[in-house]
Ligand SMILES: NC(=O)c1ccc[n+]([C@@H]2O[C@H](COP(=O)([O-])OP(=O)(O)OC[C@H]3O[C@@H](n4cnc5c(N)ncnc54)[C@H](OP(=O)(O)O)[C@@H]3O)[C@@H](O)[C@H]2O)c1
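Just one chain follows, in the form predicted on its own, and it is written as structure tokens.
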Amino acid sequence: MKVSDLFDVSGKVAIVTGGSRGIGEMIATGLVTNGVRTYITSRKAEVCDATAAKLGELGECISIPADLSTEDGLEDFVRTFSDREDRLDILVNNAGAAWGAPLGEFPAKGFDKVMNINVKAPFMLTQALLDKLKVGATQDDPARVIMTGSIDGIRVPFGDNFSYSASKAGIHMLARHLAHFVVSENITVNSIAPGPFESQMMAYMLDTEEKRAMVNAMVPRGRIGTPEDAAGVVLFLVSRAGAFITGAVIPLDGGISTHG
């Protein structure tokens, strides 16, 4: 029972949505570096292509830009991926959006956009790729689906991002619900619930040393998350070490969620 065997993921095929930046890029980097042929997607083609080119220096990374919140975009992505691969071992539903507005002024379009991108799109993509996930899945080495939720879906956040917190609580339950339905197909479904990491969503809170120090002070571990933190938990879940875990929501927040 060697560590190298427990955590070996080489030769697998993965998709990371929202993989061109932020936590998605951190996860994709961890997979690519460890021998996983990794497809990344995002709505901005130039950014997606540039990240794939950068990660391609570490291993196999392929860009398929797409807007997965639309039916046409999702269908085109699945078709393009299916033309290249006969199986899918790892699906990381990471793409997300946020919207903030005061209570009483929150627009319907802000709620719809966030729920469509954060909840509907991951469900529809997972559903569309079920057959690919089943191909190579076994009892000892199931296919893995990972949803990127948030600690804002576990505890009440301080801000006015009402649709975001609702969507992340929803994706946590969706993962558990899906896990129940696909466990007999040798597919596991889990969620990670990140706290503060370097990302576009967090940029406004980390753009000065004073703000960064304030955010660090809010985290019981005393710092924000790193690429190693994001990649590490995913590598655990998608390796043999994590093959018996399904339906779990794993806080990745340095202890924030333990404080209510």
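Source: prediction; values computed, not measured. For every residue, the number given is its place in the sequence shown, counted from 1.
Keep in mind that the form predicted together with the named molecule is missing from the display, and what follows is about it.
If you check the named molecule in the predicted bound form, you find a heavy atom from every one of S20, G149 and K168 within 4.5 Å. Taking I117, L174, I187, L125 one by one, only a single residue has any non-hydrogen atom within 4.5 Å of the named molecule in the predicted bound form, and it is I117. With the partner omitted here, the stretch from 83-91, 175-183, 101-109, 149-157 that lies within 4.5 Å of the named molecule by heavy atoms in the predicted bound form is 149-157. Not displayed here, the named molecule is kept clear of T29 by more than 4.5 Å at the level of heavy atoms in the predicted bound form.
The closest non-hydrogen atom of A95 lies within 4.5 Å of the named molecule in the predicted bound form.
Not displayed here, the named molecule is approached by S199 to within 4.5 Å at the level of heavy atoms in the predicted bound form.
None of the heavy atoms of T38 is located within 4.5 Å of the named molecule in the predicted bound form. Along 40-77, residues T41, S42, R43, K44, A66, D67, L68, S69 each place a heavy atom within 4.5 Å of the named molecule in the predicted bound form.
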